[in-house]
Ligand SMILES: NC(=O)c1ccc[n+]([C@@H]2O[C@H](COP(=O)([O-])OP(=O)(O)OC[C@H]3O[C@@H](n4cnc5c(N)ncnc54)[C@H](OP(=O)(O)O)[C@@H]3O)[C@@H](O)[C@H]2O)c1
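Take a look at this one chain, the form predicted alone, written out in structure tokens.
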């Protein structure tokens, strides 16, 4: 049976992102039909290569969303952080209910669970509340900071040998986005827990100095942590073209991390998947080429 005719069809939004692309791969490898909602087909060649059906469109287009929902049994919802995120996700839930979707898994943020919610978590908290009144089974993932975020700093890390962040000696349970996808795959199952929120962390809390040491060992080049003040981090982001909307929320996140907000270690990954969460050194080893490409090596 093809994907369009399968009662087990899963729609994945954000399918070219760090979590969504890995989830599509995992589902396809497991022989489960997947429809990947993508905006740009050219960026989705790898998804098509592993067997995902592509639904091309914009999440803000009701007709495109309705078409993508046809025949879908389960939805994995991850969307970019934007000022319209809460509205987009609310509309997606509405469309899923109209289409008779049985189960929806949402990627949220740790800060959505704070009282009051903080930064990006404000919008996520609104959608979590919307889900609690939804006419379908649901689960929410609140991942901690991704290990993959250090790839965004790869050029600075390998060319200047520093990690410039305003985190002091705070510990963070960085999580590999691939492990978030593994948890998502489990929670999409019909017999998975419903109506619950799951924090997803790595296996240990690390300082940025710990991260620098791990990168030094894996890359064979000296890397150290360079503490910078929050105001300088904000100015650097603005100078790099990051919008003020994002800068305000990123700085709120960094302040929360500095205060130890994501230092807890949860057993969600091993408990739900049956295998341990990846340690940071494993992440660096798997992405060593991506780091080294920043040097042109």
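Numbering follows the first chain given and starts at 1. The structure presented is a predicted model; accordingly, all values stated were derived computationally and were not measured.
Same protein, other form: the form predicted together with the named molecule, not shown, and the subject of what follows.
Between the options 25, 278, 18, 287, the residue in contact with the named molecule in the model of the complex by a heavy atom within 4.5 angstroms is 18. Only one of the listed residues (159, 194, 149, 87) places a non-hydrogen atom within 4.5 angstroms of the named molecule in the model of the complex, and that residue is 149.
Of the candidate stretches 126-134, 221-229, 203-211, 72-80, only 72-80 contains residues with a heavy atom within 4.5 Å of the named molecule in the model of the complex. Taken together, the three residues 199, 266 and 291 all stay farther than 4.5 Å from the named molecule in the model of the complex, as judged by their closest heavy atom. Contact check for residue 57: a non-hydrogen atom falls within 4.5 Å of the named molecule in the model of the complex. When contacts are judged by a 4.5 Å heavy atom cut-off, residue 93 does not count as touching the named molecule in the model of the complex. For residue 39, a non-hydrogen atom is located within 4.5 Å of the named molecule in the model of the complex, even though that partner is not displayed.
Within 4.5 Å of some heavy atom of the named molecule in the model of the complex lies at least one heavy atom of residue 145.
Contact annotation for 94-119: residues with any non-hydrogen atom within 4.5 angstroms of the named molecule in the model of the complex are 107, 108, 109, listed in sequence order.
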